[in-house]
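Let's start with one chain on its own, the form predicted alone, as C-alpha cells.
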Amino acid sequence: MNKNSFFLKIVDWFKHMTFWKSVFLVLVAAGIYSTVVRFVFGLGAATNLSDNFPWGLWIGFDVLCGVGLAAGGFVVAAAVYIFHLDDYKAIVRPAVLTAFLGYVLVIVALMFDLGRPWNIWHPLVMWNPHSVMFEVAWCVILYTAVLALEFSPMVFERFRMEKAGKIVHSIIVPLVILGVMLSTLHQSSLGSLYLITPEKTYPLWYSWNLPFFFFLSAVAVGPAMVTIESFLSSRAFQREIEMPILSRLGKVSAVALAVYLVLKIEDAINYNLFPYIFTFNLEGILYWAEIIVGVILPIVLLTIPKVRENKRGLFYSAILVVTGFVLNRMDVSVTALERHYGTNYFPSWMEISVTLMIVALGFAAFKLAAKNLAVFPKEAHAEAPAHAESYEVVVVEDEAQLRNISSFGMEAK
C-alpha cells in the first residue's frame, strides 16, 4: 500500500464518520493523554492508588477480569480439538481471536500498573517458584504464545504461507492441550493470590475455595463472551448467528454456575457467613448483587429452552453472566479489602480512560482482523458436507464498500 492510498483511506474513514467512530476517537484521545501523564509523572499523578491500596481498577478489571473474559478460547478450542466436537468449528476461530486479543491487552494493561514496567522481563530470568505471581506470570506469557500460534493460521492463509500453516496444523492438538493446562493453572492461581490475605479480606469473599471459584467462573464466562462476540459480529458483518452452537454453550455456562453456586452455599455453611450475608452494608449488598444477577438469574434463564434458543434471550443471559463475573472480580480485588485498610477507593478519571481506551482498541483490532483475515466460516452451500470447514477472506477497503456488499446481499435474498 503506497502513501497516497493510505492517506485516502484515512480521509475516507473520517468522511464517513459515525457515532461509534466519534466515541472511539474520544476514548483513544483521553486514553493517550492519561498514558502520557502516567508514564511522565508516575502512578501518583494519574491514579487514586496509594501505598495502602496499591491495586485498583487496572488489576481488578483489566487483569483479573481480562484474563477471565478471554477464557472462551480454551473452552471452545478444547471442545473442538480435544473432544472432537466438530459442530463448534464455526466459532473456534472467533473465540481464539478474542482470547488472543484479550491476553495481549491484559499485558498492555499490566504495563500501566507496574511501577517499573521496563522490568517486566524479570520473571523470565529471576525465578521464584514459591510465588503464585511467578506462576501466573509464566502461565500468561506461555499461554499468550500458544494463542499466537493458534491464531497464526489465519495470518498464514491471508498471505498464502501454506507450508507454515501445515506445520501449525500438525501440532494444533498438543498446542491446545498445553493451552488448556496453562489456562487451568493461571485462572485458578489468580484466586490463589488472595489466599495470603485472610485477615485483610472481608469474610464474604475469603475462602480456601478461591482457586476453584476463579476457575469455575472463568469456565462459565468464557462461553458467555463467545455468545456476546457472536451476537455483535453477526450484526456488524451481516452474518447469521450460530444459534444451535451457542445454545449448547449456554448449557455449559449454566452447569459451571450451578457448581459454583453449590460451593458458595457450602462456604456460607462452613465459614458461618450468614451474619455477614444478611447484614445489608455495602459488602452485603454487592455480594447479593453478584449472586442474584450473575449466578442465580443466568442459571434459571439458561435452563429454560425457550430463552436459551432465542437470540436475544441468550444474549441478555450472557450479559448477566459477564456482569456477575465482573462484580465478583472487583469485589474480591477492591471491595473485600477496603474495610481493612479504612479507605474508599474509586478510580480516577485517568484510570477509567485508560481502561476504556484498551477496551476500544480491542474492539477495533477484532474488527480489523475480521475484515482482513479468514476469521468466520463462509456460508456452506447446499451440496457441501454437513461438517465441512471452509473459510474465506473478504478484504473491505472502506465503509462504503461494506455497505454496498451488505445491500447486494439483501437484494440477492
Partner chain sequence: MEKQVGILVDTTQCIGCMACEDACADRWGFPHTDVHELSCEKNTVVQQWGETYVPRLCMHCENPACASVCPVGALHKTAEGPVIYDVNKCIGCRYCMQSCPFQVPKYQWNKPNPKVTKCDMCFDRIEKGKQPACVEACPAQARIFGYRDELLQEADKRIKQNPQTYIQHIFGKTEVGGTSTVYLAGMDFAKLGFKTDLPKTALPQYTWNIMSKIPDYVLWGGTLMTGFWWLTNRKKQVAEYEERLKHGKSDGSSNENKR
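Nothing here was measured: the structure is a model prediction, and the numbers come from that model. Numbering follows the first chain given and starts at 1.
The same protein also has a form predicted in complex with the partner chain, omitted here; what follows describes it.
Colleague: Considering the partner chain in the predicted complex, find the one stretch among 23-31, 44-52, 62-70, 358-366 with heavy atoms no farther than 4.5 Å from it.
Modeller: Looking at the other structure, the answer is 44-52.
Colleague: If the cut-off is 4.5 angstroms on heavy atoms, which of these, Phe280, Tyr341, Trp288, Tyr316, is the one near the partner chain in the predicted complex?
Modeller: Among Phe280, Tyr341, Trp288, Tyr316, a heavy atom within 4.5 Å of the partner chain in the predicted complex occurs only for Tyr341.
Colleague: What is the one choice in Met181, Ile292, Val259, Ala164 with a heavy atom within 4.5 Å of the partner chain in the predicted complex?
Modeller: Here the answer is residue option Met181.
Colleague: Flag Asp86 as yes or no: does it have a non-hydrogen atom within 4.5 angstroms of any non-hydrogen atom of the partner chain in the predicted complex?
Modeller: Yes.
Colleague: Taking the partner chain as it sits in the predicted complex, is Gly284 near enough to touch it, meaning that at least one heavy atom pair lies within 4.5 angstroms?
Modeller: Result no; Gly284 lies far from the partner chain in the predicted complex.
Colleague: So in the predicted complex, is the partner chain close enough to His122 to count as touching (4.5 Å, heavy atoms)?
Modeller: Yes, His122 lies within 4.5 Å of the partner chain in the predicted complex.
Colleague: Any chance Pro198 has a heavy atom within 4.5 Å of the partner chain in the predicted complex?
Modeller: Pro198 belongs to the contact set for the partner chain.
Colleague: Please determine whether each residue of Pro153, Ala370 and Ala374 possesses a non-hydrogen atom within 4.5 angstroms of the partner chain in the predicted complex.
Modeller: Answer is no for this spot.
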